[in-house]
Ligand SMILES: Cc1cc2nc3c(=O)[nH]c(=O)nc-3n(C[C@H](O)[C@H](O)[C@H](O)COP(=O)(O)OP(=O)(O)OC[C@H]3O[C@@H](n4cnc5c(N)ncnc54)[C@H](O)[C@@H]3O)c2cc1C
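The chain below stands alone, shown as structure tokens; this is the form predicted alone.
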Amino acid sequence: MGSSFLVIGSGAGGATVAKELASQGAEVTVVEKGGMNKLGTSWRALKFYSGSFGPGEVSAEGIELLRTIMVGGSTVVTLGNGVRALQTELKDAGVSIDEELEEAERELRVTATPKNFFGTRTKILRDSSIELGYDVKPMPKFVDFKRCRMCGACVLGCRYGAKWTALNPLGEARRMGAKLIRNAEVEKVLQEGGEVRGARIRDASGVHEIDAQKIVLAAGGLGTPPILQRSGLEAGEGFFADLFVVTYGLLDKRGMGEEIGMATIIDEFHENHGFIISPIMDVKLDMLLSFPLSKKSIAFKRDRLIGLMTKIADDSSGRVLQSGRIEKSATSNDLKKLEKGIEVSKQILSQAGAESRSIFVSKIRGAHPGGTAALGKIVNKDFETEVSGLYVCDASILPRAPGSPPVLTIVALAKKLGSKLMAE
């Protein structure tokens, strides 16, 4: 079995680079550890979120880290947020993606969330924030609002096809001849004389080798470093996760239904304080699994509940080991950022009329794992490792935590890599 290009992972980076290569007539094979899954309910989601019981793997220090293992990767469960992340930082590192970001925005049809798609909670929190003098902006999203049902189940996978996911470019790549091997885990990249020659994979039928002239590793911030380590390369240090908490409070107002999460954003604190604030609600099952015992009953009061997420650009202080063990804690600097965001969130919730005794903060989690094969450390500005022909293109190459959704940036990076590979 062989292919000119082998892409490992089918998320934002892997699927996009596969499509870019296939569109130019290249022979492409995509290997994905996960499978195809039914979407749209919490119980279905437990099958593709990585973790034991409940979404999320847990670091040795107790930080829950959210990702999926499935065809399409974690793009399937994003909230469809299409912001430009780390554009300046990447340019400073010698990688300009200005043109690719514009192309990605057109391709994903990024548009500001229309006001008529703001739910009741979002409107209450927007008005309260403005009353306090905060600048509230509509969130840019890669969502087809003509299809969106405002069901609030984005994190469970969209059943209505309203949201762009990596399944879109992956489907295009397959229609142009790319092959997809799913439910197969890559054990290691094979090399000879400092050059790539293929990869060893394991699936239900056993262990196989795939020959390849070039390999793009795009297994994500948690999946990529163990593969690199098993292949004899250093990786795994500098781990970040865009840590976040949700500050909740109860209103007297009843009857609020489900709505689009993160429809607005307060980003005025991002540059100087390293955090954003956005309205969101965990799904009921997640509340029951993750809330402390004293707060679990609130899951049944969702029609009165409002919540604001504080997401920070955390320190690149963690690491991922070859065994898959994750070491990640919130540093004192991280906690200061979170505390400032929580302070602002509580102020907004109080302005909105939340009962003071009802306000509480969720546990710390992370949603954008990356930094574990960073640009300038593990890969060069062409995204190539020290092994000739082995490239990395996912959140693991980001130079630091974005503190905001990185999907659009990863798509842009993949477009840039695809162009470079076809030009060689």
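Residue numbers run from 1 along the displayed sequence. The model shown is predicted, which means the values in this text are computed figures rather than measured ones.
This protein has a second form, the form predicted in complex with this ligand, left out of what is shown; the following refers to that one.
Undergrad: Given that the partner is absent here, does Y391 sit within 4.5 Å of this ligand in the predicted bound form, heavy atoms only?
TA: Answer no; every heavy atom of Y391 is more than 4.5 Å from this ligand in the predicted bound form.
Undergrad: Would you check, heavy atoms only and a 4.5 Å threshold, whether L79 touches this ligand in the predicted bound form?
TA: Contact with this ligand, yes.
Undergrad: Flag L413 as yes or no: does it have a non-hydrogen atom within 4.5 angstroms of any non-hydrogen atom of this ligand in the predicted bound form?
TA: No - in the predicted bound form, heavy atoms of L413 and this ligand never come within 4.5 Å of each other.
Undergrad: Please tell me whether any heavy atom belonging to A184 falls inside 4.5 Å of a heavy atom of this ligand, as the geometry stands in the predicted bound form.
TA: Output for A184 is yes: heavy atoms within 4.5 Å of this ligand.
Undergrad: Decide yes or no: are K33, T75 and G221 jointly within 4.5 Å of this ligand in the predicted bound form, with each residue judged by its heavy atoms?
TA: Every residue of the spot touches this ligand in the predicted bound form.
Undergrad: Please pick out the stretch from 352 to 360, 36 to 44, 62 to 70, 377 to 385 that is in contact with this ligand in the predicted bound form, where contact means heavy atoms within 4.5 Å.
TA: Of the stretches listed, the one contacting the partner is 62 to 70.
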